[in-house]
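Let's start with one chain on its own, the form predicted alone, as structure tokens.
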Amino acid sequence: MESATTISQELFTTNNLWILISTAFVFIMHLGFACVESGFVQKKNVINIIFKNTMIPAIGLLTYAIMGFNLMYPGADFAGGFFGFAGFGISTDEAGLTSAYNPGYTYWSDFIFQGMFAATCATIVSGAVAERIKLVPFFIFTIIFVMLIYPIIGMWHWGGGWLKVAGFHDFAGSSLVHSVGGWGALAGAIVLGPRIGKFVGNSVRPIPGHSIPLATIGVFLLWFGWYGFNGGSVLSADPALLSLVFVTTSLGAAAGAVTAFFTSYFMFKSYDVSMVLNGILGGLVGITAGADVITPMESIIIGGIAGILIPFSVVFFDKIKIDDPVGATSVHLVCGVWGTLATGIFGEGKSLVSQLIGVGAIGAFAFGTAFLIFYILKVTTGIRVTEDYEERGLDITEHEMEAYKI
């Protein structure tokens, strides 16, 4: 592997600075998730969802440092494999200039950028299981999922594993991050069951979130952070590719908003801002897998189809009585799978067969392990709060405080 000293100091400094700026962008996405999820839950559960979204990045960084990073990037000895582990903890030379995967930035920058990605999976799950899951069992799930499941799947492609060899392409994580979290969200929602009163007979009872303005702030924070999420995944400050990724990311989000607007109006005969907000996120998730290998006009198609999928997916999950308060399964799972497959359809030199194999393998492992973890927790510690706690709200019953006094 080429060493950092073979490129100019100026280029090395520029690349490293961009990776760290991107890291800060991705960090802000956790605030975005907290705002989106807080806005889409009831007022009586705001403290609980904020508490989870505050702890998740902390848990994610610590578990990723302890072993997740070395599971995801085990080194050349495990290239092309299904599993590898380079040891516990993170360490390098005194200067931190021994990144084995890219000569353009330091080992420490490599770790912290990837570490910010790691907790995103659990953040996605937290929205789908909101308003009825116990706090401690959820944190146990988070530790296992972020420390073991996400890094193993990430190693299959980004760590040089078998999916990389098979020609699978996921630039910034439509599948490796978003669908992994989406599969976990689906498993959690199934094992937990719906909120009290959500489904009555064959009818669906809407349980609206308490603050659409807060959710809107969250969506725009996420869109802002996505420039680091996708832009940082260039892994350098390369001007041509970086500017292309910014354009495809922006157009995908915009197209998702517009098509979700028209589709939801056609279906519900109302101007549903929640569908537009999730359409933006769906477009962003959809574009993430191929943002580096598709044209700007293709990004409009991919993001636009993602926006169309959002309202249909929300209705589908309601029909099969899977309760997802924030639409995480629709945004991150459905649009993540679509974006990954779309890369095989539109991406130059990319194989739809390889993308299908990746989607199937990632889905089976992520859903299977998440379901198993949730089920074991259900039959041991229990994962759902009592009916009394759920009806009174988790803010008072689990945290003994309220988000609002009025």
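Only a predicted model underlies this, so the values are computations on that prediction, with no experimental measurement involved. Residues carry their position along the shown sequence, with the first being 1.
Absent from the display: the form predicted together with a further copy of the same chain. The rest refers to it.
Taking the partner from elsewhere, every residue among 50, 55 and 276 has a non-hydrogen atom within 4.5 angstroms of a further copy of the same chain in the model of the complex. Proximity to a further copy of the same chain in the model of the complex, defined as a heavy atom within 4.5 Å, singles out one entry of 293, 258, 191, 166, which is 258. In summary, among the residues 235, 308, 144, 214, the only one with a non-hydrogen atom within 4.5 Å of a further copy of the same chain in the model of the complex is 214. Contact check for residue 129: no non-hydrogen atom falls within 4.5 Å of a further copy of the same chain in the model of the complex. With a 4.5 Å cutoff on heavy atoms, residue 162 does not count as touching a further copy of the same chain in the model of the complex; it lies far away. Contact check for residue 270: a non-hydrogen atom falls within 4.5 Å of a further copy of the same chain in the model of the complex.
a further copy of the same chain is not shown here, and in the model of the complex it never comes within 4.5 Å of any heavy atom of residue 367. Only one of 183-191, 144-152, 75-83, 222-230 places residue heavy atoms within 4.5 angstroms of a further copy of the same chain in the model of the complex, namely 222-230.
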